[in-house]
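Below you'll find only one chain, the form predicted on its own, shown as structure tokens.
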Amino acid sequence: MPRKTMVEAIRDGMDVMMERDDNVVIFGEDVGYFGGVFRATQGLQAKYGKSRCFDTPISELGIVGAAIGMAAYGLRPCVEVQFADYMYPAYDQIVSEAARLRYRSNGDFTCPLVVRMPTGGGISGGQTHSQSPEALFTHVSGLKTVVPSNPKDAKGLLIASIEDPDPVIFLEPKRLYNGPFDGHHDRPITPWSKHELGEVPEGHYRVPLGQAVIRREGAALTVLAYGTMVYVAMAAAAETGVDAEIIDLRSLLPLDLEAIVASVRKTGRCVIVHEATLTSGFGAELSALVQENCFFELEAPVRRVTGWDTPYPHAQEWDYFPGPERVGRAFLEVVSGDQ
């Protein structure tokens, strides 16, 4: 089985779908000739031509607005917003048009649109290149929100998203694009070596939306994480010795509530880890769902470990992120009851 980085796997997913379906089109800022700022679309224009993979003006509103119109008339656009931080000009189009098209047309129109966005920090990008805005999308009825944590899932989830009849926000953690991440923010992220690449099946396959996966089985507590934070949680479990069961959500909406509830009822404890800010983050929704469904099984309050409630702090980037030390401390406190 070939080994690929996440960027290569995402490119492979788009390539597979463009070859299978002439209605799949790729466009965005610099995605054509240049191949994208992270090279996720490199080579696709040369292979499929400028009518199916092309550059756009610097207008996120225009990119997403045009894609919604294309989707309504039968195409399957997979567009790139260069950084998730840049999506705000397009937010009205995403919320007011893409998310509501099926409902307000009574099913006469759908919007099979994928909006790819590099998300999160760790690249010294500062305030306007490092945000994690997933909660802004999970709040909107009619949208699906996906966050892969590894190359194999990234390709399979992207294929499933492109084939989905409704709009999908596909968030790609930048720290996982081109290098292994062992959960430590105080260690340099080196380039992928051959044995560190993720195994990615060739050809077409789908990872269904709405299915979480257990990355580490355990009995002491349940950890809910996604994207980069899966690796932080793994490192924290290894270093503290806490027998944590780590669930990689993969898909935030639809959410695999059944897997979450089964795990928390088994362990009796729950820690939620995400890179975004604490207040009104997606962890708040997860905490409420755990409380509502597992109240009588809980042996300790649900704990959230997140980014700070501040604008993104460039100078303190690695303190802002939940790291193994902060996450591990939460594990120990929840297990001991010392909260």
Partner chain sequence: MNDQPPLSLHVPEPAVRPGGKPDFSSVKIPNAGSVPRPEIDVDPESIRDLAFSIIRVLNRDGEAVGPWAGLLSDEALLEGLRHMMTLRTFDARMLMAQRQGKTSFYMQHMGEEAVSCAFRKALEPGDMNFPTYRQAGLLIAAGYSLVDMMNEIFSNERDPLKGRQMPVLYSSKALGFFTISGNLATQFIQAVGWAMASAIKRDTRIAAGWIGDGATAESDFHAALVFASTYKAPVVLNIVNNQWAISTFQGIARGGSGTFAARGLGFGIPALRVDGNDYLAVYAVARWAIERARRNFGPTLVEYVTYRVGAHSTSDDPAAYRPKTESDAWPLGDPVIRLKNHLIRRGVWSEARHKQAEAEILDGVVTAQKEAEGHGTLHAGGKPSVRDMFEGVYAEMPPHLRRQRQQAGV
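Positions refer to the first chain, counted from 1. Source: prediction; values computed, not measured.
We do not show the form predicted together with the partner chain, though everything after this point is about it.
No member of the trio 286, 318 and 327 reaches the partner chain in the predicted bound form with any non-hydrogen atom inside 4.5 Å. Partner contact region in the predicted bound form: 139 to 147, out of 116 to 124, 170 to 178, 223 to 231, 139 to 147, criterion any non-hydrogen atom within 4.5 Å of the partner chain. In the predicted bound form, at least one heavy atom of residue 93 sits within 4.5 Å of the partner chain. Contact between residue 313 and the partner chain in the predicted bound form is not found at the 4.5 Å heavy atom cutoff. Of the heavy atoms in residue 165, some are within 4.5 Å of the partner chain in the predicted bound form. Proximity of residue 61 to the partner chain in the predicted bound form: non-hydrogen atoms within 4.5 Å are present.
A heavy atom within 4.5 Å of the partner chain in the predicted bound form is found for exactly one of 276, 37, 70, 300: 70.
Distance criterion of 4.5 Å from any heavy atom to the partner chain in the predicted bound form singles out 257 from the list 213, 257, 235, 207. Interface residues of 105 to 121, taken as those with a heavy atom within 4.5 Å of the partner chain in the predicted bound form (partner not displayed): 105, 106, 108, 109, in sequence order.
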